[in-house]
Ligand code: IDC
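So this first bit is one chain, no partners, the form predicted on its own, shown in structure tokens.
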């Protein structure tokens, strides 16, 4: 009898261990499984347990121009390389390809990222329109739709104005715009992080630090292109951080500000060391094979997914070293 009891107990234990070993938790956890819903604490993005985390991402190019890279195989291949975040760039200016017809492509990107357990930034990509107020009504409709649809998901971040530029100031233009768009988002989504652009193509985080917004779970954008933006912009980041401003680098590359030109690995290394020191997240521009330096995929590569490191451009290979 005792032998039978021991045998039954052994079998039960084996079955239980098998269930545990094959459970999703026992297998390699996805970024979202590990961290859960993100929030902002002080100068840092933190996980559901309040511990600092660092987003490491890639951004699509404008999805009007390169929609083919919004697919699950593409995102999965970057996740394998160490990426935990996908940024979906929808240009806000009709002259740059904006169309409400592209909303379904954003939905696709969110679905694929979610299925892969990755974080996803929904990017209202202001660039040539300059002032975020230019298409403020469209922005409110955009974020009403996406915040309303995805409010229950814990992997969403909203980027409300990519790169304000031109005769645009923080107090007169960006801050008032941000207050209105944040109010729109918070009607539906009370918790997920909102990313706010800063003046001069999202470089003047020091200016935003002088009069930051008062809402919770807000981070501020700094963009850099290492061959153009050097100690002067790095010093702006240091000033903002020391004043308590939470910052996310939601777009960068290691070439010049045009997205092209030679790679400045020396300046780029200084940037990466500074970001890692402060545990500031960074998202690389861009997932495409466009024949320019900032493209992460080699221009000769015709694949749209299942990428290996050998398919990456020179910039892509250098940046990929920092993902692990």
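Numbering follows the first chain given and starts at 1. What you see is a predicted model; the values in this text were computed from it and never measured.
As for the form predicted in complex with the ligand, it is not shown, yet the points below apply to it.
S.K.: Quick check: superpose the C-alphas round the site, drop in the ligand from its position in the model of the complex, and tell me whether this chain leaves it open or blocked (blocked if 3+ atoms sit within 2.4 Å of backbone or C-beta).
M.R.: Open: when the ligand is placed as it sits in the model of the complex, none of its atoms comes within 2.4 Å of backbone or C-beta atoms.
S.K.: Is there any non-hydrogen atom of residue 56 lying within 4.5 Å of the ligand in the model of the complex?
M.R.: Contact with the ligand, no.
S.K.: My question is simply whether residue 258 lines the interface with the ligand in the model of the complex - judged by any non-hydrogen atom within 4.5 Å.
M.R.: Residue-level check for residue 258: yes, a contact with the ligand.
S.K.: Does the ligand get within 4.5 angstroms of any non-hydrogen atom of residue 91 in the model of the complex?
M.R.: So residue 91 counts as contacting the ligand.
S.K.: Answer with yes or no whether residue 251 is in contact with the ligand in the model of the complex, where contact means some heavy atom within 4.5 Å.
M.R.: Judged by the heavy-atom cut-off of 4.5 Å, residue 251 is in contact with the ligand in the model of the complex.
S.K.: Quick check: do 71, 309 and 313 each get a heavy atom within 4.5 Å of the ligand in the model of the complex?
M.R.: The answer is no; none of 71, 309 and 313 reaches the ligand.
S.K.: With the partner removed from view, which of 32-40, 258-266, 45-53, 276-284 is the stretch that lies within 4.5 Å of the ligand in the model of the complex, judged by heavy atom distances?
M.R.: Only one stretch passes the 4.5 Å heavy-atom test: 258-266.
S.K.: Select from 146-165 the residues with a non-hydrogen atom within 4.5 Å of the ligand in the model of the complex and write them out in sequence order.
M.R.: 162, 163, in sequence order.
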